[in-house]
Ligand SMILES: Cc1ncc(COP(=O)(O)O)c(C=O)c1O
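The chain below stands alone and is given in structure tokens; this is the form predicted on its own.
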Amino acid sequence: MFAVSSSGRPIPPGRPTDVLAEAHRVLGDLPERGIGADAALARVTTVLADWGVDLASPFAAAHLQPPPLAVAVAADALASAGNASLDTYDSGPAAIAVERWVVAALARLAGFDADADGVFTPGGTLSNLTALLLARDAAAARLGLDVRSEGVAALPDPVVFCSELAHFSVARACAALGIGEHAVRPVSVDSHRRMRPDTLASMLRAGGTPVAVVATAGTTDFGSVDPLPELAALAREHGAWLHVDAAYGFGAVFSAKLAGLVDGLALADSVTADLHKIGWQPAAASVLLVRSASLFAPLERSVAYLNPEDDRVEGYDGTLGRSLQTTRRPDAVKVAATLLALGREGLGALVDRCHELAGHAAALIAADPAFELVGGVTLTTVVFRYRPADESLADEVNARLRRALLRAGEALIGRTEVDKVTCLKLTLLNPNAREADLVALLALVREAGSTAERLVEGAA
């Protein structure tokens, strides 16, 4: 079902400088005369196979980076071979049709009605940026302003509210859009790591021009989902755009068991969904959905050499007015093939399997005195830490053990910080992994932790 089987180690052993240098050595210098297609492909294949990451390994569990489905990889190759672009009709009519089909299917899964629209982007960061651009311009329009002609400075005291656990791309988007990172107002979370509506209500009443409320459906570390219906009601009350960053959590809609976690998506003005996370697509496959096609109005463009107005009237239009990009590859093709091949039920089974693996990993960690389980399982991530005898050494030991596993090429696990404490993380997106693999993976972590503990104690 997946594109490749595991070759063994999840990441090449060695220090990063040595690994990168060896890969560069094999590539060699740029030849004056080419070495031919077969030799070139063989050389690149060697580099990728010997010094790349192996996401099919059950010990690759660091990031929201799944092994891709074979059908998606094959469809992506077809898309590349056609080299269509989606900016204009005459650059890729079939690709435009496929993207519109996929967008409509995903919008229905999210609960939107027939007015909804969307566009593929290179990743959740750009999906969030585009959503906040639309939100910024909508806030200006409510005040009778046009930030495109008057400049962002005309928008009085713009503010954007998001969970304190929101993705960093929210702040980055605000910086890029000219309203500044200082406009971001982090909202505290509850014991389940969900944005607190009562705190948000107080902050909304404090003043400023509310550009957007950004809810998170699937925080990167814990998979926690903000209370979408309550946040939607507050956003409407204060005239703010509601954007849901569901880059991680959108995949729950495929599962009959987990879909309830993201109830309320359809109450949003816009939603980010990354199918190169829970969706098992080759990167990139991010989608920005909006509740109405009319919300894309700020991006409308008619350019003489691409989509002149009289051509558009006759139907010869593309997606230039939905995207910040011009040339845009048909990433929807691989998603269409996947949806057709597996259907909602097939993808849902993959989601459920990864959720079950996360639950099993959490149970193993909770039962092992060498570890501390830091948070429960919502989607497919498990946050924990190794517990040295001397608690004061915990941060350094956990950091060292992860690097030791990387250097040995034995295991690829994540690292994060919770309440200023260094923690480890398993991100389980390989449905082919077995419970026995989790036992073996945690044994490697335990052994690396014990070694790191001895080294840190000896250096103290």
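Predicted model only: the values in this text are computed from it and were never measured. Residue positions are given as counts along the sequence shown, with the first one as 1.
If you look for the form predicted together with the ligand, you will not find it shown, but the lines that follow are about it.
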Contacting member of Thr130, Thr378, Ser91, Thr220, with respect to the ligand in the model of the complex [4.5 Å, heavy atom]: Thr220
Only one of Pro330, Gly264, Pro210, Gly124 gets a heavy atom within 4.5 Å of the ligand in the model of the complex. Which one? Gly124
Residue contact check: Asp274 to the ligand in the model of the complex, 4.5 Å heavy atom: yes
Against the ligand in the model of the complex, would Ala268 count as a contact residue? Criterion: heavy atoms within 4.5 Å. no
Using a 4.5 Å heavy atom cut-off, state whether Asp226 contacts the ligand in the model of the complex. no
Looking at the partner-bound form in the model of the complex, is Arg194 within 4.5 Å of the ligand by any heavy atom? no
One stretch from 274 to 282, 256 to 264, 348 to 356, 234 to 242 that, in the model of the complex, holds residues within 4.5 Å of the ligand by heavy atom: 274 to 282
Partner contacts for 134 to 167, taking the ligand in the model of the complex and a 4.5 Å heavy atom cut-off: His167
